[in-house]
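So this first bit is one chain, no partners, the form predicted on its own, shown in structure tokens.
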Amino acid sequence: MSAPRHLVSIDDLSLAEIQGLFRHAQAFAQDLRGWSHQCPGLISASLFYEPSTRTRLSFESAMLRLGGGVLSAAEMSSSSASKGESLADTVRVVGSSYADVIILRHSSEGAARLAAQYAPVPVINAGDGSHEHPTQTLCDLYTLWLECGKLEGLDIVLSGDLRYSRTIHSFVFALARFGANIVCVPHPGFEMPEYVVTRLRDEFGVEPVRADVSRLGDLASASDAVYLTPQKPHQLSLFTGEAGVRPELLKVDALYVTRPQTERYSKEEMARTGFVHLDKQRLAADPLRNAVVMHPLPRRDEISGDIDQDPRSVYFKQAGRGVPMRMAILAFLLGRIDMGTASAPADVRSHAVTVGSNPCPNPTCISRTEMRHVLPRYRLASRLPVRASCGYCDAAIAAPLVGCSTTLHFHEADSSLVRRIRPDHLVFFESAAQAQALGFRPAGQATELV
């Protein structure tokens, strides 16, 4: 029996597969009641450790419309988890005979990746902390594809809380893969996380450029806007400007607004005010005249009800399209639809941390919140200097010193000798004292590494 196919990150799908899902979703949407023959006898389990309305109900509706059944555990905090059962044990039990696919929402970043290591059935990430939300991204991309007719080269403005919005993080990676241009207009203090910007730079060659978004008026008056594009400078369609001058925003294809993710805020962050508010006056800004307005919902005060009837506002359509999109996702992962010859991109390998303490700096990473069945892991992005990230939540690992677990020698992270250490033998240290306490010693220039 082959290993199950999971959807933990938007990267788990190739571009061809994403476009194939769009076509199947479009077919399902033609008659939502006409597909009950797709998954008869199959069961999905909704394991939600955080509250949800649209995501949980749309997945359950999708499974029922495909002819399957659903098990819903919408309050996992009052289930066996309250008795101390680990996430790993939960998904092993649920995936053994209870269900054929698991839809997981969890408060810890990297939880879905951990679940996929243990579940014998497909795991779908329905949101893990402030990390990723790939199925919402697919719904967002599907909406853009329907409204704009394409994804390549679109000019997208992201507004609001870009730091804690997991929908944004998955979204920007997908937009970059499709060659879209992104303008970040964050609420001050809630800029894009550094690990997101670093990955855009490493994988797509995106270099952030400060931008002039004054044409958006009050909508961006307090924001330090940043422009991200995977395209070459001479191909830019979004901005004009002379060298050395901040490029000026001229047009927008879509404005994506996010709510403040207050459930993840510190006391200091809760005290910040003046969050973005989009109303008729702000939507009248010249660059937005043809822009569709999107929002993952739920909304608070960031979008005024007076633009709900504006033909550019598509956020309720966006939510409704979650059902056919998730029908396509379920049918695909359960092997009920054929994607042709498309195949997923190769997985980026991670390695277990076998020596020393957990190097992940993120206190809400699953490698820190789950006390059992979790061995910290890391992914290597660069060898010179060493740049690594947590294998679960992608947080950057800050380690000025790097050791070899076989020779027990350590080096400066930018030493050329580090290149000779096998990726799975790397050990990360914050200081020489930490390294020496674990039995490592400084390496000589002639040290032989393996």
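As the structure is a computational prediction, the values presented were derived from the model and not from experiment. The numbering used is simple: start at 1 and walk along the sequence shown.
Separately, the form predicted together with a small molecule exists; it is not shown, and the next lines address it.
When the small molecule is considered in the model of the complex, only one residue from 297, 174, 333, 355 comes within 4.5 Å through any heavy atom, namely 297.
Screening 54, 65, 409, 383 for any heavy atom within 4.5 Å of the small molecule in the model of the complex leaves a single hit, 54.
Of the stretches 174 to 182, 202 to 210, 254 to 262, 305 to 313, only 254 to 262 has residues with a heavy atom within 4.5 Å of the small molecule in the model of the complex.
When contacts are judged by a 4.5 Å heavy atom cut-off, residue 106 does not count as touching the small molecule in the model of the complex. Put simply, residue 167 is close to the small molecule in the model of the complex: some heavy atom of it is within 4.5 Å. A residue is said to contact a partner when one of its heavy atoms sits within 4.5 Å of a partner heavy atom; residue 136 meets this definition for the small molecule in the model of the complex.
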